[in-house]
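Only one chain comes next, encoded as structure tokens, the form predicted on its own.
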Amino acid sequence: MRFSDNTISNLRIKLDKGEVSSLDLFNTASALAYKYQDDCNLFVSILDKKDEEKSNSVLSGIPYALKDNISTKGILTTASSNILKDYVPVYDATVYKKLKESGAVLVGKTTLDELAMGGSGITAHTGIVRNPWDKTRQIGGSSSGSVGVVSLDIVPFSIGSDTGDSIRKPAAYCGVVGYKPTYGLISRYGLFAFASSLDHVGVIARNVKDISLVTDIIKGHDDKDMTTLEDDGVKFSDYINKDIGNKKLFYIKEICDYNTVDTDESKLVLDNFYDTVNKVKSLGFSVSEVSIDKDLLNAIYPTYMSISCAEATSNNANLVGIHFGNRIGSKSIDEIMFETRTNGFSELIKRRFILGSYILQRENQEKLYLNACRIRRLLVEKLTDLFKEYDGMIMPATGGIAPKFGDKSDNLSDKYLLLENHLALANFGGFPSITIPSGFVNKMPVAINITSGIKTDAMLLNMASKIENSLGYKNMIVGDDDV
């Protein structure tokens, strides 16, 4: 059975009619997981036994995958880092608990960039993750495996985390839908923290309707996460089919400017974007061009790196081989901490921790950390004002197709590419944001991204669904470039 031929709603009908069993679906997903594991390295662990369903919800019996930085009691949870390669949690994350209670069936834990710090899929302790569309290319990250398992039709949906673009950019590279909700809509209790003011739990699927069905199950207030919002009772899956009305969108001129890109590939991505904008206008949307100070926009990437590295350094200070981490060394506590962290982290992670420590030093906080926070505030205020006038922002999701291995790296750089880094704006403000496929460039998927104001997730999914239906690229799997 191809999951791509069956939405979650269709699978629910087939399960209820007895045309297929939950065990059948689990066995299919498990077999596919093993089939593609050697080629793509999508899983840290694949489960051999399915959970028993405990609910009659729409997700009961439906297989899914979970990013391996989300705590699962009794199941290996490594965050794709050597320092946690043997860690088995003693508690469940809220998102996993809710999915278990809904009857959804976990197939496995997916590979990520180490500790979710990276956008390439090349730093996991189990090896690189390859893009299923072209195995010579990166898949993006950090939710690499969570995107790949949906793109390869292994499961109908998966759960990831998004700190700067970690769900939405790899989703764009792989022709699937990636959704990051309003900050606080979905509990992060049990998510291994990277940058707490930017981290979100989100959903990957092959269509917007499935995103809404999963989000209905996992959203809501959690006493164990003080940042969660009170549930307003809105069912996104009901709202998604409502009339869209005359919605107003905007894009940022300085980011979507042909003069700011220097490759033919990037120009083709912009061609696709402007073609998509014309299709969106034909649906009754109005789409306007707005201008934002380019100096402010150029600060997106350094602001993100400054805040995220500082918060990551603080959040991961407990990984020293004493309470957490694979202990190395024995002569003294200082030696254990030094050897464990030196040998337990990749070079990228160590660089980020060093940068974060530097930023947090007392003499640097004002110039580096607090200034980054001020720039973040200016950007958020600008977008918040725009969302008072417009219903959403529509942008290209990436500046190109998935890069070849060796073309780009996640090394810290002073090259601030606007088209590649603007998705972090949604994390700065906690705005809901979704990426949907919009076509192909050089036989690789490309996508658009739509972002809207705080707590407008229902409207965002409604708009995205209407646009998705008109573009005709939903429910894709690898190889569907002739859609």
Partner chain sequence: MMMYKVVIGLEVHCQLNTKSKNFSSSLNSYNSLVNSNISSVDLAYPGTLPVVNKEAVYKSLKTAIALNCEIPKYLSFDRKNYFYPDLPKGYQITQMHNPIGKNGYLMINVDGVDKKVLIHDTHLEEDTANLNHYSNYSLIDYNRCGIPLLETVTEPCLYSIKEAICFLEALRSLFIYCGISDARSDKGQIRCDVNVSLSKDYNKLGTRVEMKNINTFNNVKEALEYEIKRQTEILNNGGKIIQETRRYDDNLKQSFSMRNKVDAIDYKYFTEPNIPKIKISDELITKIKEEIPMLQFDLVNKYINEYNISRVDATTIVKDRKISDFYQLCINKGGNPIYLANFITGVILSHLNKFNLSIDKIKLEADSLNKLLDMVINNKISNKQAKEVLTKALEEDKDVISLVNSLNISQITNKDEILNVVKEVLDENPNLVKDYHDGKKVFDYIIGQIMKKTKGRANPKLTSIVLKEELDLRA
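Residue numbers count along the first chain shown, from 1. Source: prediction; values computed, not measured.
There is another form of the same protein, the form predicted together with its partner chain; it is not shown, and what comes next is about it.
Picking from 250-258, 136-144, 357-365, 123-131 the stretch near its partner chain in the model of the complex, with a 4.5 Å limit on heavy atoms, gives 357-365.
When its partner chain is considered in the model of the complex, residue 337 lines it closely, a heavy atom lying within 4.5 Å. Mapping the unseen interface onto this chain, residue 191 counts among the residues with a heavy atom inside 4.5 Å of its partner chain in the model of the complex. Contact between residue 224 and its partner chain in the model of the complex is found at the 4.5 Å heavy atom cutoff.
In the model of the complex, no heavy atom of residue 98 sits within 4.5 Å of its partner chain. By the 4.5 Å heavy atom rule, the three marked residues 15, 60 and 75 all fail to count as contacting its partner chain in the model of the complex.
Residue in contact with its partner chain in the model of the complex (any heavy atom within 4.5 Å), chosen from 387, 273, 87, 285: 87. In the model of the complex, just one residue of 367-392 lies within 4.5 Å of its partner chain by at least one heavy atom: 369.
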